[in-house]
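In the block that follows, a single chain appears as structure tokens, in the form predicted alone.
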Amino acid sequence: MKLIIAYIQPEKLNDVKQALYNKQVFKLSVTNAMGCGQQKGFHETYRGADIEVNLLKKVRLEIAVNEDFVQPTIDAIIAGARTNKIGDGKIFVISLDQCIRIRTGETGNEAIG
């Protein structure tokens, strides 16, 4: 079992969701996030004052999958999010020790579904 965490551009969310659905990955959590990386933000002027904005809007996806779905999930995220520009995002893959479905008490691979 793995937990895949991806940070992507907000405007690419629908493309990534569609790519995931095409790979039979339907369960995900989506959170609005802010952060910076190589983009380093930008400058804007507000009421005559120069303001540095270094935290940019991102979307965080969390997807728990069984081993068979790790690579298809990564491939789908890349296919949906890639623009070949700085700021496309990052993907992290973390091992899951345990997963429990609250409703049924199922554990492990069965709980992820």
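The first residue of the shown sequence is 1; numbering continues from there. None of the values given here were measured: they were computed from a predicted structure.
What comes next is about the form predicted in complex with a further copy of the same chain, which does not appear here.
Interface membership of Ala19, defined by any non-hydrogen atom within 4.5 Å of a further copy of the same chain in the predicted bound form, is ruled out. At a distance threshold of 4.5 angstroms between non-hydrogen atoms, Gln24 is out of contact with a further copy of the same chain in the predicted bound form.
Contact annotation for 54 to 74: residues with any non-hydrogen atom within 4.5 angstroms of a further copy of the same chain in the predicted bound form are Asn54, Leu55, Arg60, Glu62, Ala64, Ile74, listed in sequence order.
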